[in-house]
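Quick heads-up: it's one chain on its own, the form predicted on its own, in structure tokens.
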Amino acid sequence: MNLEKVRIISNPVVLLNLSTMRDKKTDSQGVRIATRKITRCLLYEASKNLPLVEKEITTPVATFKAKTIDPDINLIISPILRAGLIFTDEAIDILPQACIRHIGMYRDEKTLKPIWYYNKVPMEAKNPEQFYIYITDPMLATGNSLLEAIRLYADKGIPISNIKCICIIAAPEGIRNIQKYFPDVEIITAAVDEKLNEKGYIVPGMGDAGDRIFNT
């Protein structure tokens, strides 16, 4: 596992909310609130790769050139349904210029392989070097769903360096799986846990993220 391509964000705010989110005594509302706070921190970190340009603006006291995100890029947030939806509201608040393209997959509990049921990424990618992609999924377990999502964008010619994977909790097995096929993709996470259990759940993890977030 190449930790040079894994950025672990562990500031006190993230650690506090990660502890709350993991605790089995935390109800769904508490899990959602904690998750949103973590996702906001992770998205801020992910956005450091966005290109900047200078723009002339006028304040109440002077005119000067300020730096801002290049308005000509194509910024895409791709949540993997259903648990990845928790990133959407925070992403729109932080990066209102982003386009949200949902990806729907669920995991076969026997094979642990992803099964597609929704794909909102059939767009063309003219000038692919101008596309910046953030794929979001709270739990990076086996990594199989995330691999499928990365391929969707990589197959359009979008540079791997422009594709970021944002996960709250990651397992070493999932990271190794991603890096086997896409060694240069950066993974941004709040924690790398111990392992996967025999059912493919992250240990210690937080249980089923979708169930806990949506109270199902």
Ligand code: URA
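Residue numbers run from 1 along the displayed sequence. Given the structure is predicted, the values throughout are model-derived calculations rather than measurements.
Not on display, but discussed next: the form predicted in complex with the named molecule.
Colleague: Report the residue, out of Ile86, Ile77, Met139, Ile103, that has at least one non-hydrogen atom within 4.5 angstroms of the named molecule in the predicted complex.
Modeller: Comparing distances to the named molecule in the predicted complex, the residue within 4.5 Å is Met139.
Colleague: So in the predicted complex, does any heavy atom of Met21 sit within 4.5 Å of the named molecule?
Modeller: No, no contact at 4.5 Å.
Colleague: Using the partner position in the predicted complex, report whether Val14 sits within 4.5 Å of the named molecule, counting heavy atoms only.
Modeller: Heavy-atom contact with the named molecule at 4.5 Å: absent for Val14.
Colleague: Can you work out whether Asp208 and the named molecule are in contact in the predicted complex, taking contact to mean some heavy atom pair no more than 4.5 Å apart?
Modeller: Taking the distances in the predicted complex, the answer for Asp208 is yes, it comes within 4.5 Å of the named molecule.
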